[in-house]
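Next up: just one chain, as structure tokens, the form predicted on its own.
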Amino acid sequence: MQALARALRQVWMRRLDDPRLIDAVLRHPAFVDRAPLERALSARFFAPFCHQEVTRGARFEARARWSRAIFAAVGLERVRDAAIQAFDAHAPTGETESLLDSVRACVARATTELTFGDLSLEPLVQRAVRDIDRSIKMIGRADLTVRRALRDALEPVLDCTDAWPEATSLGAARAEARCLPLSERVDHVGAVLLATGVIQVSDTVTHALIALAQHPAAAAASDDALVAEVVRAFPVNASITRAAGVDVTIEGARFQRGEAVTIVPRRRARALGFDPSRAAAGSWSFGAGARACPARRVAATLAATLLGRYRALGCKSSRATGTSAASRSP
């Protein structure tokens, strides 16, 4: 019976709604690892890559150090330049069938250039990321052929750290990468830098353009303010999960070892509405604690730069209801 009760605690997640408790739990060393259900879903959605969210212990620490080094080394001016060049290459002309596809193409190109210093992998990155995005949103079955092709293409590129250009995000953090086996480098670049990064930034920019159509008064807001408010109002993570590593009491709440908890950022965001004129309130969209996203600074800059280019050319959602068509003024 005890084994059954423990298994149920791991599967049926306890939802946390109190902001103080949520922040304390996310920052507590007992709650470093994701819940088992989320690890299982991540393994499926990102296959054949192994996402960092699945890793634990020393394996997670090594990959987290590499992530932090990569994003600390990326200069924001270079991010802006890559975003502008990508937009110039992929900006829609006339009316486009899918706003999200247009934005994702721009983000994928910019991310590919920032990561590798050239665009030879861009077509494959575009196809693989689109497929992973469809899988995560559960609107299509995974095409493992294109994903495996990306994995196979990444292996020779990531095998020799000395060949990475210094100006790229990989080259700037090569010392930390040398501590990881090739399989970990491939998994991390494929699942985190390319897939997660492109998908989440693309969703943010697309949501911002739709929100501008739904809230005309927001047009006076700056690109940075819009991105901050969209990240709060439309969190990139539908939920954040953790599992207790030990029995622990936090802010008066007791958690048993193995107990899974979930935080739903959108629940708090819904009550505040959409208003980019105020200072964006915290929403945990980028997480907190040991698993906080180290790409926050780079992601926000990339999103705001692309959003500004779309707005400057008159791109907008075709309906205030949020359909994904867009048009560009001549």
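We number the residues from 1 along the sequence you see. Source: prediction; values computed, not measured.
Heads up, the form predicted in complex with a small molecule isn't pictured, but that's what we're talking about next.
Peer 1: Might Asn237 be said to contact the small molecule in the predicted bound form, defining contact as any heavy atom within 4.5 Å?
Peer 2: Yes.
Peer 1: Does the 4.5 Å heavy atom contact test between Arg56 and the small molecule in the predicted bound form come out positive?
Peer 2: Heavy-atom contact with the small molecule at 4.5 Å: absent for Arg56.
Peer 1: Taking the shortest heavy atom distance, is Arg268 within 4.5 Å of the small molecule in the predicted bound form?
Peer 2: Result no; Arg268 lies far from the small molecule in the predicted bound form.
Peer 1: Quick one: does Arg68 come within 4.5 Å of the small molecule in the predicted bound form, counting heavy atoms only?
Peer 2: Within the cut-off, so yes.
Peer 1: Please pick out the stretch from 74-82, 190-198, 151-159, 177-185 that is in contact with the small molecule in the predicted bound form, where contact means heavy atoms within 4.5 Å.
Peer 2: Looking at the other structure, the answer is 190-198.
Peer 1: Report yes if all three of Leu99, Arg130 and Tyr310 come within 4.5 Å of the small molecule in the predicted bound form by some heavy atom, otherwise no.
Peer 2: Answer is no for this spot.
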